[in-house]
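Encoded as structure tokens, the following chain is the form predicted alone, with no partner shown.
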Amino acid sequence: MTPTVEIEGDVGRVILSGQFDFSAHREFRQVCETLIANPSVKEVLVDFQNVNYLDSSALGMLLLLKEKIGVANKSLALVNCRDTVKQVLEIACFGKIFTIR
């Protein structure tokens, strides 16, 4: 999986596809750090539209991102979560930690 980035106004979107697991950690971290460092980006959206699988390392990456986003005074939302992804996020109680749209 190679995440892609789109910036529209003050919103940065990380678009994921395929399997979101440990093999994606380096690329995911790099694109997220790029958005966090961009002063014009106020909100980061992680788009799961094309993700069909995520594991516990992906959940850990999301928690680390949440922490870094908070330090940078930006907001974060998880968007377009399909059934399988939404189920994993619900089991992990991520709805209490993240904005999920």
Partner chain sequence: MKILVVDDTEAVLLLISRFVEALGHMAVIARDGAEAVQVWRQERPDLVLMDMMMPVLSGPEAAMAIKNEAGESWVPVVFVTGVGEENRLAEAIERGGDDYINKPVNFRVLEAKLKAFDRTLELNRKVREQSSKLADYYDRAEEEKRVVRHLMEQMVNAERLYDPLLEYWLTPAESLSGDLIAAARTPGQSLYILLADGIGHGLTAALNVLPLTQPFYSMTEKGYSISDILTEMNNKVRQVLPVGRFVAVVLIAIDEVNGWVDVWNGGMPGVQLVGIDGQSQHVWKSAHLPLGIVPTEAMDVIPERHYFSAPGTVIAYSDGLIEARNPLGEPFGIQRLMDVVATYPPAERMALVKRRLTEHLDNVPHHDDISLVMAHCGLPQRALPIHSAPSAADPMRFQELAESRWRYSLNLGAQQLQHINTVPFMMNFINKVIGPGESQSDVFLILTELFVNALDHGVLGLDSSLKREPEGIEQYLTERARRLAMLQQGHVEIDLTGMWLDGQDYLRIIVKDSGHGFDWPGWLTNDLSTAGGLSGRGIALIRALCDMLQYRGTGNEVHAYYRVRSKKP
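Positions refer to the first chain, counted from 1. No experiment lies behind these values; they were computed from the predicted model shown.
Beyond the structure shown, there is the form predicted in complex with the partner chain, which is absent from this document and is the topic of what follows.
Undergrad: When the partner chain is placed as it is in the predicted complex, which of 30-38, 59-67, 72-80, 43-51 ends up with heavy atoms within 4.5 Å of it?
TA: Selected stretch: 59-67.
Undergrad: I15 versus the partner chain, in the predicted complex: is there a non-hydrogen atom within 4.5 Å?
TA: I15: no contact with the partner chain in the predicted complex.
Undergrad: May I ask you to state whether A92 is within 4.5 Å of the partner chain in the predicted complex, using heavy atom distances?
TA: Flag for A92 set to yes.
Undergrad: Does any heavy atom of I97 come within 4.5 Å of a heavy atom of the partner chain in the predicted complex?
TA: Looking in the predicted complex, residue contacts with the partner chain include I97, since a heavy atom lies within 4.5 Å.
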